[in-house]
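A single chain, nothing else alongside it, follows as structure tokens in the form predicted alone.
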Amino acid sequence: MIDPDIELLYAIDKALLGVMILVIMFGMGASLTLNDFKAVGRRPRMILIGFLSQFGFMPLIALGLSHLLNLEPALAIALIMIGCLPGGTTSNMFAYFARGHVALSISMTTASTALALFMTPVLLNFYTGSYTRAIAEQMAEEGSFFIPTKDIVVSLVLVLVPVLGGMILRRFSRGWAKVAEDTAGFMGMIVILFLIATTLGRHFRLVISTPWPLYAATISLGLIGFLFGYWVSRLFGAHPIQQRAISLETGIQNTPVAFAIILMSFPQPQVQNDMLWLAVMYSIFIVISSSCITLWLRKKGQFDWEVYKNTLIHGRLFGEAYVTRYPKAFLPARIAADPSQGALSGEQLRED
């Protein structure tokens, strides 16, 4: 679909991507402690919902969209790969602004990032068989094509090395770790917006000529993920602040890691350009849709968030066994039975 001779990303773009990935993953590590890994075990039900959403539903919906919209093989592989990737620190940042449960979001990110080393290459191989065969047939004269599982694992390992560095920094200096964490989120957004703006400026005609199925696929993947995470978590009894965190964790995928995998693992010009273009389009629309969803969730959750914070303050002042009493019918029915609106429920809803 995309001319292999077109240079979608210039050398400066690739350098910025490399720096951004390093800073973002280092910042993610700076936000983590060993207690965050222990917290995963304290929230098994919510983590399981997140796991099924992230590695069960998202790859399936990416596969479904690929078939429904009849995407080109390389585009389908890129969409499925993005569907197999965890949310990263971006979802944590949006969860904070959406008045979601940040500690749960971080726990889910921790679990999904670690599991991605195994789940991403396995799922990608499982769901893309027909597409890899189609590309191999097209490239018959140039050689066979296959999913480079080893290269993908190496890419993920290299991306996770800065996470370990960030955790070491936090172990010795919480102050500098906080600076790294804040810088990562801010820089990530700035670099993504810069890359989007420059890419669109250089390739505006390509944007105009991009067929509608690619727009539909990149927009729908995130939106369906948000809705699925929100309603499935609600169906399984998650509290409102947890629903918001799970929704954003499900819908937002780690596009910097997607760029890294594409650049490091798929050297074929035609395949790489198609995959990069889909990742660029997804990056554009996930920023827009995440911002809109976050504003909606933030407004929707204002009341229960204020009640939740009030309950936390009461717990700290009077002890965790203290039950906050509210006038009859003061709490809406949807949150009246929520432990976070009355007595705290052990570690489940505590802000770590």
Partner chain sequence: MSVSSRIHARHLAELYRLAAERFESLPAFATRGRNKVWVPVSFRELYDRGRCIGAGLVDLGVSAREPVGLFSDNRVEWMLADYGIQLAAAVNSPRGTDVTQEELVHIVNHSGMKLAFVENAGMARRCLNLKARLPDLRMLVVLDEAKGLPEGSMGLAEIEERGRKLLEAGRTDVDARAEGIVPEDLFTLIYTSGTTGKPKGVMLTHANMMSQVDHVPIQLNCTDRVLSILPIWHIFERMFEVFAISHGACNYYTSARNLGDDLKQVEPTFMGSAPRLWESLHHRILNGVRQAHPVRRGLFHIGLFLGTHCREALFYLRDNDLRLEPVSPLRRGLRKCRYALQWTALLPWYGFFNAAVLESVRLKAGGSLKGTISGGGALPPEIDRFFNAIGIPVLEGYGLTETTPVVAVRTPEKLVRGTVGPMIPQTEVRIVDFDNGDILYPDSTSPEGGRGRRGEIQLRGPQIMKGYFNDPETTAAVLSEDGWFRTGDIGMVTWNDCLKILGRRKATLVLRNGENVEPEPIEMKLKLSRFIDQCVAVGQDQKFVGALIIPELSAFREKGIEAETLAELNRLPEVRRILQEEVRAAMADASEFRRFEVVKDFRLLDEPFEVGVEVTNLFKLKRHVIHEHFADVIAGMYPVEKS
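Residue numbers count along the first chain shown, from 1. These figures come from a predicted structure and were not determined experimentally.
Separately, the form predicted in complex with its partner chain exists; it is not shown, and the next lines address it.
> Looking in the predicted bound form, any heavy atom of L317 within 4.5 Å of its partner chain?
Replying inline: Answer yes; at least one heavy atom of L317 falls within 4.5 Å of its partner chain in the predicted bound form.
> Using heavy atoms and a 4.5 Å limit, would one call M81 a contact residue for its partner chain in the predicted bound form?
Replying inline: The answer is no: M81 has no heavy atom within 4.5 Å of its partner chain.
> Going by a heavy atom distance of 4.5 Å, is Y96 a contact of its partner chain in the predicted bound form?
Replying inline: Yes.
> Is there a heavy atom of H67 no more than 4.5 Å from a heavy atom of its partner chain in the predicted bound form?
Replying inline: No - in the predicted bound form, heavy atoms of H67 and its partner chain never come within 4.5 Å of each other.
> So which of 147 to 155, 206 to 214, 249 to 257, 173 to 181 is the stretch with heavy atoms within 4.5 Å of its partner chain in the predicted bound form?
Replying inline: Comparing against its partner chain in the predicted bound form, the contact stretch is 173 to 181.
> Which pick from Y322, F285, F51, F57 sits with a heavy atom within 4.5 Å of its partner chain in the predicted bound form?
Replying inline: Here the answer is residue option Y322.
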